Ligand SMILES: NC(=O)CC[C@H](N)C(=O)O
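To begin, one chain is listed below as C-alpha cells, in the form predicted on its own.
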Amino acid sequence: MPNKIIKIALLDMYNGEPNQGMRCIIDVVNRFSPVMSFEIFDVRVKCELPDINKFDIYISTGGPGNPLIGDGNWDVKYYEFIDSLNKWNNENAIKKHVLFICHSFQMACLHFGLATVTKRNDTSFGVMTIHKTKEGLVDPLFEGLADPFYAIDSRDYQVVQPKLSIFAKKGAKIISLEKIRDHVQYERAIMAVRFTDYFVGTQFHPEADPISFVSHLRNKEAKEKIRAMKGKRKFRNMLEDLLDDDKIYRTNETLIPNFLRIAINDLMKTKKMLSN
C-alpha cells in the first residue's frame, strides 16, 4: 500500500445511532493520511471486529446506553477481542496501540476489574475541566495540554471507586479526574486511565470539536433540555468556552494526535530495530 504503511481500525460503538463522534475521529485521523489508512467496524449492530494481524492502531468510540449491559454476543466478542490484543502485546515485539473513548472506556475499566461503573444522579454534558493526576502530569497523552484542560463530557454513567490494589498489580494508572465539587458529597469520577504502555482510555470526548457540539444544539429539543439542565448562565458560559482557542479546540488538536504520534513512533522504531 503506497505511502500508507500504518492501518487504523475504528471500532464503531454507536449502536447505529446518529452521532458526530465518528466524523470528528475521522477528521483527526485524516490529519495523518500520508502515513495512515483506516477502516470502520460496526461492533454493536453487525458484531464486526478487525483481524488483529491486519491493523496496527485501534480507536474504540463512545456510544449510547448502559456499559454494564450487552446482548451476550457483540459484548462477549468485544471483550475477547480486547484480550486478544493484550495477549498479542505480551507475545510480540511490535505492539498494538488502543484508545478507548467514553462508553468503551467504561467497558474497559469493568473488563480489567479496575473500578466500579455506576449511573450518575444526573447527566453530565457540556464543556468540563479535566484535572491531571501526578501520573497524568507526565503521561505523554496529555503533553501540550494545561492542567486543568477542557473537554466535552457526555455521560449518564461514571467510573468510580478505583480498586487500587488491582491498579498496582496490573501496572495501570489513573491519569485524570473530574473537577472537585465542594457543594456535593459525590466522589470524583475517573476521567482517564493508562491501562498499559499501549492501552489508554478517556471518559471524556477528546475527538469532539465545537462544530459537533453546535450541530447537536441545532436540535431544538436537545438545546432546551441542556439549557434547562444547566440554567441560562451556565449555558451561556458553555457556549463561550466552545469558542475559546485554548479550550475545546486545544484538546481536539492535541490529545488524539498525541496518541497517534506515540503509536506511530513506537511502531516505526520497533520495525526499524527488527529490520537491522
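Remember, predicted model here, so these are calculated numbers, not experimental data. Start at 1 and count along the sequence shown; that's the residue number.
Although not depicted, the form predicted together with this ligand is the subject of the following passage.
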Open item on the list: I need the one stretch from 240-248, 61-69, 46-54, 23-31 whose residues put non-hydrogen atoms within 4.5 angstroms of this ligand in the model of the complex.
Closed with: 61-69
- [ ] Could you spot which one of F199, Y78, F112, Y157 gets a heavy atom to within 4.5 Å of this ligand in the model of the complex?
- [x] Y157
TODO: Indicate whether this ligand has at least one heavy atom within 4.5 Å of a heavy atom of S176 in the model of the complex.
DONE: no
- [ ] Although this ligand is absent from this view, report whether C102 comes within 4.5 Å of it in the model of the complex, heavy atoms only.
- [x] yes
TODO: Would you check, heavy atoms only and a 4.5 Å threshold, whether H205 touches this ligand in the model of the complex?
DONE: yes
